[in-house]
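In structure tokens, one chain follows: the form predicted alone.
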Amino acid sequence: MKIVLNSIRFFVIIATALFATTVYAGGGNKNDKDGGQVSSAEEVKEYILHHVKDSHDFTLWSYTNDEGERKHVGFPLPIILWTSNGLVTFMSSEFHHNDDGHVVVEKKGLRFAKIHSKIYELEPGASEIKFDESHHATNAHKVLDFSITKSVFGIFLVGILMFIWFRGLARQYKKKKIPTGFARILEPLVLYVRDEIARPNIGEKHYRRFTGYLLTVFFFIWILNLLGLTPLGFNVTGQIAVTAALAVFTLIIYLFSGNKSFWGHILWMPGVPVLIRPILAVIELAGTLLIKPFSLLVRLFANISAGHIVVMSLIGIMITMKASMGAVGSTLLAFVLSFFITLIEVLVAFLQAFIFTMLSALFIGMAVEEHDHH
């Protein structure tokens, strides 16, 4: 099993480093008519921000052709909008990968344009979006966007993979057989989460009730973090909406699982003067409802996003230094730096999944713990 895991890690690191240096150091900018490389700080910043943001298209890589046009290799995703005329659907390819608003999609008598990954509905008769000095649209408004974005596609993909893998493992457990195949890799990880995270933090009496959730959260975050290091370019756990949803799930579980002792310590703290108890109740409620879930969502979001930004920034520095170092020297240096940073990111991918699961187990354990007061 160690050989398999080490092989997977090595493949992820090599593939990421090679992909980063060849695509970002070798590709041209969409505004570069000569097909040259990205050179300015603003262009590098644009690449970094584009990488960490969500997208309506699944783009594998980009390149500049001989005519200086920016081309994207990938596949479109469904656009699902709730508009002034009800539900409207079409494929993202109809925007032609254009984010500047010049390409307008017309559906059901309505016109839509995409500006910086945001979709706007234009007013009747308008052909393109106009902005004021504050860059607010004057002839269009945002719509409710329920589209299958790249991050949503990644969530579905990981969900299907987890269902297939763990269904097979559960079937082998049900038949009381020794796990075989890929299930042999999953089994020690499942036992680790159960015995090292759930059991010591929640307690022998209640840990079985919550082990399923903790296993789901751990593998969901870990697999998504690893996919974010591959050429697929996922950054799902770097989207604050995703980490906020995970934190809310944990919040709901420990709030509705809390026993009488848990709520008693929050609302009317025993063992302290009566006049201080209302003050402590406010502080405890703030910590339970706000601080704990906020710490969960921010820690995961910030660490994953920072990792992607650091890797992209190092590559961007090498790209901007290409004029002084040459193509071979800058690419080699970018590969070396991104290789070691990605090596650290493989560890961070596991560490962040472990921390989120550990804190979730700790919060749940505090909610179901029984106190004896004499």
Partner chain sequence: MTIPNLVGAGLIVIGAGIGLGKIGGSAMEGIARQPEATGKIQTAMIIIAALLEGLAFGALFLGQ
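Numbering follows the first chain given and starts at 1. Being a predicted model, the structure only gives us computed values, none of them experimental.
In what follows, reference is made to the form predicted in complex with the partner chain, a form of this protein that is not presented.
Among residues of the shown chain, W268 is not one whose heavy atoms approach the partner chain to within 4.5 Å in the model of the complex.
Interface membership of R299, defined by any non-hydrogen atom within 4.5 Å of the partner chain in the model of the complex, is confirmed.
Contact check for F294: a non-hydrogen atom falls within 4.5 Å of the partner chain in the model of the complex. Mapping the unseen interface onto this chain, Q172 falls outside it, with no heavy atom inside 4.5 Å of the partner chain in the model of the complex. Note on the partner interface in the model of the complex: the residue among T288, S147, N303, T216 having a heavy atom within 4.5 angstroms of the partner chain is N303. The partner is absent here, but in the model of the complex a heavy atom of I240, alone among I276, I164, L87, I240, sits within 4.5 Å of the partner chain. Highlighted residues L351, F354 and M358: every one comes within 4.5 Å of the partner chain in the model of the complex, counting any heavy atom.
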